[in-house]
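Here you get one chain, nothing else, as structure tokens; it is the form predicted alone.
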């Protein structure tokens, strides 16, 4: 993983001291809350319903075991003993005291972490495929690109006050695990006919109040031109994006208003003026950054480990976990082990201090000290020997981290909702817990198959409900919580926005509504057909008919 140089370290250290002075002035009454607000937001500090919340950046979702231990320590020392992993591959502490936040940032800086650009109208934390550097279907490691973009965008003077927040995601595979088509800019690493690395560039995706799927503005951009082309896109947006209405300020609105052809014309014109300039990386710099992401020292192993196969036959519980939570690795004899943060009745994305310390220890012993955070609020051990999977599973199980439900109905994405967020109209967490308990029977979950439920407590869509196979959006109706249900969404390489089934249903009816939807699917599916396949074949009507007949 990337290691700070003296410039990186000096930058975050200086920011900590600046913020320490700003907090001191706020505590002394020398700054009002209105004056302090833009300063704290620049450092990832929000004011939520009940307390401050600090959002910590985890660039492209990559953590070392040392960094995970630091997060565990902060959760224990400064918070309530847990942290919350988010859909932006970040971590949030929900209960820090204002006067202690500079100390938290100083502790983060000690392990090369920070909270820069986790808020504000700037380029936010760059996300990537959680299987980067390990996936069997990978064209190239997307973390290299993500790190190049991170360095270019950090405190970029021209793009620190954009019309609205800006999100970039990178995938290194044709199978999209980073949801690139619903980002302001999505990058797909690919090769041309000669084998050279470049990018498909997608612009104007996003969820929230006006969900849109991004448009491809370049089918293949040579690697050497990445930064100048991104700079051209951001310049067009900075100049033409709306600033009079925050709800219409995202780049997706600009692309839609101009039309893709006109937007591309403007970007190309801007790019012609800066391509092959100092904006692009100097010769050798990309290769220098790539050295930080060299593969670990893998052992020469057979492709199919005998012990792994034996334990799968002998231990049904382990076999269930291996079926859902283990993915193929590019290196023979290794596997990718997914850690679900969605136990039965749990809060999606939460991990306790004890669990974070346990994961750090497991990563050190079994995965070269590497951990990944996913945009679906789970964690990953990217490089595990097949022979070690049984031991990994046993250790995870002892810490309530071995739920075998990845991609199943209880593997729910949920925003903090009205339990924490001042913008929310409805609760997300209790609803996720209720659904998880209703479908606790793992045999039933496996019978249903892949089914992604995503819950947002308001129209800002932090729970990505628009791209859930089943999406739930909390709405307020005269002080009562209702939930709008959408079906058929997806955030993969075949991205779709879900369609509203019908009128919103009250909080106490949502669980039975999900039951009705899944039962309808089971009655309609063909042999081997997933929920999404069935929905795409039959459409909304059969689900609407049974849902509203039952309610």
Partner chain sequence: MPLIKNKQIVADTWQYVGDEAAIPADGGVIVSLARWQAERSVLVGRNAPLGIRLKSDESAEAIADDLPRFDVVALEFPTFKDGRPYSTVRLLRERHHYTGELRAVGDILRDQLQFMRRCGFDAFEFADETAAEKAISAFDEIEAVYQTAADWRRSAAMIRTDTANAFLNGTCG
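Residue numbers count along the first chain shown, from 1. These numbers come from a predicted model, not from an experiment.
What follows is about the form predicted in complex with its partner chain, which we do not show.
- Segments offered: 314 to 322, 165 to 173, 68 to 76, 231 to 239. Contacting its partner chain in the model of the complex at heavy atom distances within 4.5 Å is 231 to 239.
- The putative spot formed by 5, 30 and 285 is fully lined by its partner chain in the model of the complex; each residue has a non-hydrogen atom within 4.5 angstroms of it.
- Only one of 151, 352, 331, 216 comes within 4.5 Å of its partner chain in the model of the complex through a heavy atom, and that residue is 151.
- Proximity to its partner chain in the model of the complex, taken as a non-hydrogen atom within 4.5 angstroms, holds for one residue of 39, 504, 47, 524, which is 39.
- Using a 4.5 angstroms threshold between heavy atoms, residue 25 counts as touching its partner chain in the model of the complex.
- Among heavy atoms of residue 158, some come within 4.5 Å of its partner chain in the model of the complex.
- Proximity of residue 270 to its partner chain in the model of the complex falls within the 4.5 Å heavy atom cutoff.
- Although the partner is absent from this view, residue 243 contacts its partner chain in the model of the complex, with a non-hydrogen atom inside 4.5 angstroms.
- Scanning 11 to 35 for heavy atoms within 4.5 Å of its partner chain in the model of the complex gives 11, 14, 15, 18, 22, 25, 30 in sequence order.
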